[in-house]
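Below you'll find only one chain, the form predicted alone, shown as structure tokens.
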């Protein structure tokens, strides 16, 4: 049994990691750490394991691996502590923000002879796995264009504080200050494009739109040229319908090849191949699959073969592309000729 400890008891640990650990055979949730007093205890009351608010005590507990779900600013320190404790690491994206830190983390984990993987969970969706296989088999010929779109409202910029007062959502503010939608969400689509095609991005162009009032755009477009000659367009938004009473979202993958089209629509879990002979529909899936990721991580720990798990280089490359697209959008921003107005 692989004993896993979770570092950081926030939302992704609660809705993604802990349930997946419980559903994965051969893996158990042994401990959880959070520096906020009482947070780990509350987490383990719901999910099991021993709670810790002291990191030394956490790493003194018998563990084989840790899942790092803490804020990115402490990922570097968390990974170095895990290396010192000689445990395997699955780290949420972004693994870190600098190449220097990434290289130091890799060296430490290599010296400890333990795995360091990145939690780009979209790879493990059954839809993403099907698309990967179809591209390799050439079912739509050579892929020339990818359109990867995720337009949503990030649960709204404004929230009621419980007393009737409307305040800015801490979730919104935090993710915008960390870089906005391309850095937060677009890294998944960028990783998928590189992984599906097996082809590196050689040219990046970013553009943005500002509905909100942060330095980073809240709606970002990245146009990516690959070594293979294919082009990927990634379209990401935090402000799609965020002022609507009933906001909706758009989440699609489209791969256009010389012999057909692959289309995925998360709304309804629709996945299909359109070619010259017919349209073939297969069962779709959620865009995420934490259980599939943990099964792959369990297998990697047991065999030493990482399979489809993204390594640090894959995680860093996706983040750097997202950051560059966002930087270009900010640099090329055209100031509005008049103040924006919100129509209610």
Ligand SMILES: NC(=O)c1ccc[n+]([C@@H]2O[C@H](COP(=O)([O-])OP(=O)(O)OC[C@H]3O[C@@H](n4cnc5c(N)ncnc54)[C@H](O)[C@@H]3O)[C@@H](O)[C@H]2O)c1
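Numbering follows the first chain given and starts at 1. Worth saying up front: this structure is predicted, and the values here are computed from it rather than measured. Under this definition, the rigid core comprises the largest set of C-alpha atoms superposing within 1.5 Å between the forms.
Quick note: we don't show the form predicted together with this ligand, though the next part is all about it.
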| query | If you check in the predicted bound form, is residue 12 within 4.5 Å of this ligand, heavy atoms only? | reply | yes
| request: Report whether the minimum heavy atom distance between residue 33 and this ligand in the predicted bound form is within 4.5 Å. | output: yes
| said: Does any part of residue 8 reach within 4.5 Å of this ligand in the predicted bound form? Heavy atoms only, please. | reply: yes
| task | Give a yes/no on whether residue 71 approaches this ligand to within 4.5 Å in the predicted bound form, heavy atoms considered. | result | yes
| said: Which is the contacting stretch out of 133-141, 81-89, 181-189, 211-219, given heavy atoms within 4.5 Å of this ligand in the predicted bound form? | reply: 181-189
| request: Give a yes or no on whether every one of 39, 94 and 288 sits within 4.5 angstroms of this ligand in the predicted bound form by heavy atom. | output: yes
| task | Name the single residue among 193, 116, 121, 234 that comes within 4.5 Å of this ligand in the predicted bound form, judging by heavy atoms. | result | 121
| said: Does residue 231 move appreciably between the shown form and the other one, meaning a CA displacement of 2 Å or more on the superposed rigid core? | reply: no
| message | At a 2 Å cut-off on C-alpha positions, does residue 86 qualify as shifted between the shown form and the other one after fitting the rigid core? | response | no
| query | Core-aligned, does residue 155 move its Cα 2 Å or more between the shown form and the other one? | reply | yes
| message | Flagged pair residue 155/residue 217: C-alpha distance shifts by 3 angstroms or more in the predicted bound form. Which direction, closer or farther? | response | closer
| message | Since the Cα-Cα distance for residue 155 and residue 324 shifts by 3 angstroms or more in the predicted bound form, is it a contraction (closer) or an expansion (farther)? | response | closer
